[in-house]
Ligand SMILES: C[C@@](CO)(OP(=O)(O)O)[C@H](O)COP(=O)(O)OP(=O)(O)OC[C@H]1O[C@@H](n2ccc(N)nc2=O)[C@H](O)[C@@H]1O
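Here we start with a single chain on its own, the form predicted on its own, put down as structure tokens.
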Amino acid sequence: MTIARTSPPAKLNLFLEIPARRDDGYHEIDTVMAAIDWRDELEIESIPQPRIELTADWLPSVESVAGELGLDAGAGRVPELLRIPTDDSNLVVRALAAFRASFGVKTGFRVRLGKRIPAGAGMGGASSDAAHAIDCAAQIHQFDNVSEVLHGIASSIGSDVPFFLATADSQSPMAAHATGRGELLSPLKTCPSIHFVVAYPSTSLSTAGVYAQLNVPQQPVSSASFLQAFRRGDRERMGKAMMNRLTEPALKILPQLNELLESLWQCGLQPCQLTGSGSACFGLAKDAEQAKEIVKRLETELQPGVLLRVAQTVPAATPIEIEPS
């Protein structure tokens, strides 16, 4: 049997427009995603039994994360916001089940998942975990030249999942322009090193619930200006072109996000916006030092009640370590 280990990163939507509603019930999206170094920990072991076993815990501990969020985790209690499903509602389990079916694999997997990326945040943590799980499975079974099959599996699991897959040339981009449901990717090979302050309040948002409040614009904003500034590394123009169409519907559901965005802005982060369908918000920092100083300041003002992290752009697919068990 073989063990694979990796550290799936989160993502931020630097630009997100919703140009239209599709006939299949989904929405067309026009987005630019960047991977960041807010990471989960994933370990997958092949086992002879034809099943998928998943255990999941918060890192460094559920008590520590709950404390930052102002939630009660006493006497071994896991707050509802921090419950991690381990059945087939978890995208890792669904992804590995689809992998086994696609390749006719008769053996199973034992998975240990260490969570740092919160759920219902718009940061793609579950999608990243799922993508890295099938990459790990392919390496465990020594399947080569199967990126097209893995992309098909990823697309069937979730719109964000393909972004986090390793590419055939092993040059994983830090960012990508995504259209369609999000599965049509154009990697952005040149990506400026960007530092962020990311803030997650002690409330998640349902993607479906946010989309239900969305009014599709009659005149969508094109991502062309943002992409041009991004490719040039022009931070000032990039900041002016950033947007997220889901901000308005998210604020209808969770109006206190306005206060969180205002707190980030007042500290000198510009621009500040929601990522995905929320509830996490972020702001662009000038450099790592400014980001660290702002997090230190916000910790005294906002905690407990908000997870605050310094983050920067990293490759979307993280290297996988393989070892015999």
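For every residue, the number given is its place in the sequence shown, counted from 1. Computed from a predicted model, the values in this text were never measured in an experiment.
One more form of this protein should be noted, the form predicted together with this ligand, which is absent from this view; the next part is about it.
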ask   = Judged by heavy atoms and a 4.5 Å cut-off, are A35, S223 and R231 together in contact with this ligand in the model of the complex?
value = no
query = Should D160 be classed as touching this ligand in the model of the complex when contacts are defined as heavy atoms within 4.5 Å?
reply = yes
request  = Report whether the minimum heavy atom distance between L16 and this ligand in the model of the complex is within 4.5 Å.
outcome  = yes
request  = Answer for M123 alone: is it within 4.5 Å of this ligand in the model of the complex, judged on heavy atom distances?
outcome  = yes
task = Could you confirm whether S277 comes within 4.5 Å of this ligand in the model of the complex, counting heavy atoms only?
result = yes
inquiry  = Just to confirm, with a 4.5 Å cut-off on non-hydrogen atoms, which of T247, S202, Q139, T207 contacts this ligand in the model of the complex?
reply    = T207
query = Only one of R181, K189, R112, R235 has a non-hydrogen atom within 4.5 angstroms of this ligand in the model of the complex; which is it?
reply = R181
task = Given that the partner is absent here, state which listed stretch (151-159, 249-257, 101-109, 215-223) has heavy atoms within 4.5 Å of this ligand in the model of the complex.
result = 151-159
ask   = Taking heavy atoms and a 4.5 Å limit, what residues of 1-38 are near this ligand in the model of the complex?
value = K11, N13, L16, G25, Y26, H27, I29, M33
